[in-house]
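Quick setup: one chain, the form predicted on its own, written in structure tokens, and binding and motion questions come after.
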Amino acid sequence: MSPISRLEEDIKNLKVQGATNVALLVLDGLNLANEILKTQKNADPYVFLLERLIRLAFARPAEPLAQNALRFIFHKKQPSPEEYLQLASQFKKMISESKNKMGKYGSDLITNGGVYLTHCHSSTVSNMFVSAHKQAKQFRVILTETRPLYQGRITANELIDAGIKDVTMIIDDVATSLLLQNKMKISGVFIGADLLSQDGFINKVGSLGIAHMANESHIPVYCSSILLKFDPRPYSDELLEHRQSSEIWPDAPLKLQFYTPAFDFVPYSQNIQIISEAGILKSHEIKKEALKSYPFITPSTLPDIN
């Protein structure tokens, strides 16, 4: 197996999780592809590098952060391969700067005595809670275990390691009734996003029910996401990845069938706001702000390599 194919399989098999980590791996893959390029005679660097990076960026369909990296790096042909590597470094810096900007907006929403629910694992959400904790705010975090891969445990470890004392885990099925009855007086829901679109966002399966129940109980939902995750394509259900049944039950009976979506598409509603590097946005502001901040994110497809 070639090194690029190995990276592609790692992304598909979830050895690398999280939109930011996937995007960074794709950008690191550019270095690897460039080393392979040096062994090729008469290869067009633009075509050679882009062909290999497209494989990585689209290994999982709902990864616009990685795909927008390609839009930025390959928007036009460069004089040398090193120019593409420099653009990749610039994109990494854009990710870091964007996350730093949005950190303050998120932590300002955390109040003393607040109770907050989160689902799955989002590095931006974890960082927001940690930032609020460093400001000496006292609050409670309720988090789901997030079956079948238990990403909630990642969140729990991050928060506890940061010194946040009041962290409670629930099984996924408890979240909807907890929100609807609101016995714990939840102040807000904070979740991440793998993809932002004009009409809604994609996040871990279970997010739709959580957002709906929060709306029924008039609990605000904050989706924490950098605008670099905006997908200029019209939303399609084909973007909702389905995972292998073995993730749910490795030794299942042979004739048992499974339905295994990994993500939910959550339509924007009145109680959903986006915490971004441009501030806290309403749904109708997302596309405008994304294209204003990052004009290379266009509705067109990636550059033609033919």
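These numbers come from a predicted model, not from an experiment. Start at 1 with the first residue shown and count on from there.
Here the subject shifts to the form predicted in complex with ribulose-1,5-diphosphate (RUB), a form of this protein not shown in this document.
With the partner removed from view, the residue among 88, 120, 175, 211 that has a non-hydrogen atom within 4.5 Å of ribulose-1,5-diphosphate (RUB) in the model of the complex turns out to be 120.
Of the candidate stretches 160 to 168, 230 to 238, 123 to 131, 103 to 111, only 123 to 131 has residues whose heavy atoms lie within 4.5 Å of ribulose-1,5-diphosphate (RUB) in the model of the complex. The closest heavy atom approach of residue 221 to ribulose-1,5-diphosphate (RUB) in the model of the complex falls outside 4.5 Å.
Though the partner is left out of this view, residue 55 does not reach within 4.5 Å of ribulose-1,5-diphosphate (RUB) in the model of the complex, counting heavy atoms only. In the model of the complex, ribulose-1,5-diphosphate (RUB) sits within 4.5 Å of a heavy atom belonging to residue 193. By the criterion of a heavy atom within 4.5 Å, residue 151 is counted among the residues contacting ribulose-1,5-diphosphate (RUB) in the model of the complex.
Contacts of stretch 66 to 83 with ribulose-1,5-diphosphate (RUB) in the model of the complex, defined by any heavy atom lying within 4.5 Å, are made by none of its residues.
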